[in-house]
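Let's start with one chain on its own, the form predicted alone, as structure tokens.
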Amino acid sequence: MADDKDVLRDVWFGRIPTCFTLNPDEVTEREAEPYYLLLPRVSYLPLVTDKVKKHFLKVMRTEDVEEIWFEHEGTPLKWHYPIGVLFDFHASNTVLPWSITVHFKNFPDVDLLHCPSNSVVEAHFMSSIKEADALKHKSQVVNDMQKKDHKQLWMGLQNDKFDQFWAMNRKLMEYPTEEGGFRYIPFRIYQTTSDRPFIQKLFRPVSTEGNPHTLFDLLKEMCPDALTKDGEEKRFQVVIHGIEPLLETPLQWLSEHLSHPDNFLHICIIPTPTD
């Protein structure tokens, strides 16, 4: 892969200042102070909220505690989406710190998957990596890895170890030079205007004529409404890791440098703020 290590590092160390407050309906023995934390964009809520949980448990009785879950302005936050995706999709145009409400009761089964332990997060994460590699290399790279290599990817993410993770993840980002890119680009497009959780289809990084496909080409095929037509005001922002990449950026480069650790390119299409 083209080694823009600074980009990989910037993506990995992206943080979101967050304020956690306890849902006022929870029964507490004394008032619960808010808890502030810098959340890593590339991680998942269950991996980084142990301190939040401990903080609020101090003011609660054991019998009032069930499974912890989080919401932002009435929307339950799906733990199996990367934190950065949750923020970009639900809160990217709100004032920082990001305001998250903590619940210990009335788990919303309809909206959220249960997450009894971090091993559930690990299983979800590894399944995403395998799915991405099936698209990129027909699963050849991930199948050639040993169990300890899979563990190294997971431990790198869980313990926030950039070098440990990327020493192994590099292999998942390689491809034969003559092919000009992966077989297909693993991506998910999230839209606030759609009832579907996300769009995920087969899309090659290079056209049949051998030209690199760009972010514009992907959007034009998958969700043309997100693009601004000549003469009209910009209605949507196309956000990856909190930034709006140029639409002419090659998809292959984006996939190598702006994918989340699960090896998917997560693209949020959100309404342009009106203020």
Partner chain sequence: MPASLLWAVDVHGRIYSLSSAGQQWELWRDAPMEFKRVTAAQQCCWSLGCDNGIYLNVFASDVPVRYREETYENQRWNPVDGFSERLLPSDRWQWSDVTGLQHQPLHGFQLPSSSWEWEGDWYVDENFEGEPTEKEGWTYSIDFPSTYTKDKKWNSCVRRRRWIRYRRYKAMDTWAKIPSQPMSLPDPFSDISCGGWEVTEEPRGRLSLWAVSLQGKVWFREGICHHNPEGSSWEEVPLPGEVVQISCGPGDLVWAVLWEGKLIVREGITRDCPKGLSWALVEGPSPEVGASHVSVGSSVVWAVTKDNKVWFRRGVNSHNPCGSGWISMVGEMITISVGLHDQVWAVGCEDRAVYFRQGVTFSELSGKTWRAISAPRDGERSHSSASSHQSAGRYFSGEVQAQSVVSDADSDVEKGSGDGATFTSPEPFLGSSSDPPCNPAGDAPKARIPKVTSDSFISELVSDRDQAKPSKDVRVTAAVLEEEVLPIEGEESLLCTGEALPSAESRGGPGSQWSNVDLEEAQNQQIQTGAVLDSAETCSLSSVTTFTLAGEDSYGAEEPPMWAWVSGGGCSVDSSSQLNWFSSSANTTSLTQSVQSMSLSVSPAQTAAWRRQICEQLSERSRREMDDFKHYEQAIEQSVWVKKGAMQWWRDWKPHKWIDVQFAFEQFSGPDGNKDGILFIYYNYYEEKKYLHAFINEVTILVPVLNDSKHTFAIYTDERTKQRWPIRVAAATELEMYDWLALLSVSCCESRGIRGPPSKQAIWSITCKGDVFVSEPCPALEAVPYPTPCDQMFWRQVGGHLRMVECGAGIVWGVGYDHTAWVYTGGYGGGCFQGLASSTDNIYTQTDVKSVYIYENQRWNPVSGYTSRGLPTDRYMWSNASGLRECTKTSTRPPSPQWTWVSDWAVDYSVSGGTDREGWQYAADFPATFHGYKTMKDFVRRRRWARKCKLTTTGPWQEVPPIPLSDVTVLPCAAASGTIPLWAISNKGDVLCRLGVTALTPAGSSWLHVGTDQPFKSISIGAAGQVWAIARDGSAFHRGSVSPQNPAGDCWYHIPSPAKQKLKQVSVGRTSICSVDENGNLWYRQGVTPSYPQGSSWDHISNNVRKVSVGPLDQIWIIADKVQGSQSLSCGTVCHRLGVQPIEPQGQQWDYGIGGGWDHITVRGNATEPPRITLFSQKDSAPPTSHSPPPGGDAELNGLMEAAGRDAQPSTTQRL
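Residue numbers count along the first chain shown, from 1. Remember, predicted model here, so these are calculated numbers, not experimental data.
Here the subject shifts to the form predicted in complex with its partner chain, a form of this protein not shown in this document.
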item	value
Segment assignment from 217-225, 62-70, 236-244, 22-30: heavy atom within 4.5 Å of its partner chain in the predicted complex	236-244
154, 87, 79, 187 - the one with a heavy atom within 4.5 Å of its partner chain in the predicted complex	87
116, 131 and 262 all contacting its partner chain in the predicted complex, non-hydrogen atom within 4.5 Å	no
4.5 Å heavy atom contact, residue 51 to its partner chain in the predicted complex	yes
Its partner chain contact in the predicted complex: residue 162, any heavy atom under 4.5 Å	yes
Partner proximity in the predicted complex: residue 123 to its partner chain, non-hydrogen atom cutoff 4.5 Å	no
Proximity of residue 195 to its partner chain in the predicted complex, heavy atoms at 4.5 Å	no
Its partner chain in the predicted complex - contacting residues of 241-262, heavy atom within 4.5 Å	241, 242, 243, 244, 245, 246, 248, 249, 250, 253, 254, 256, 257, 258
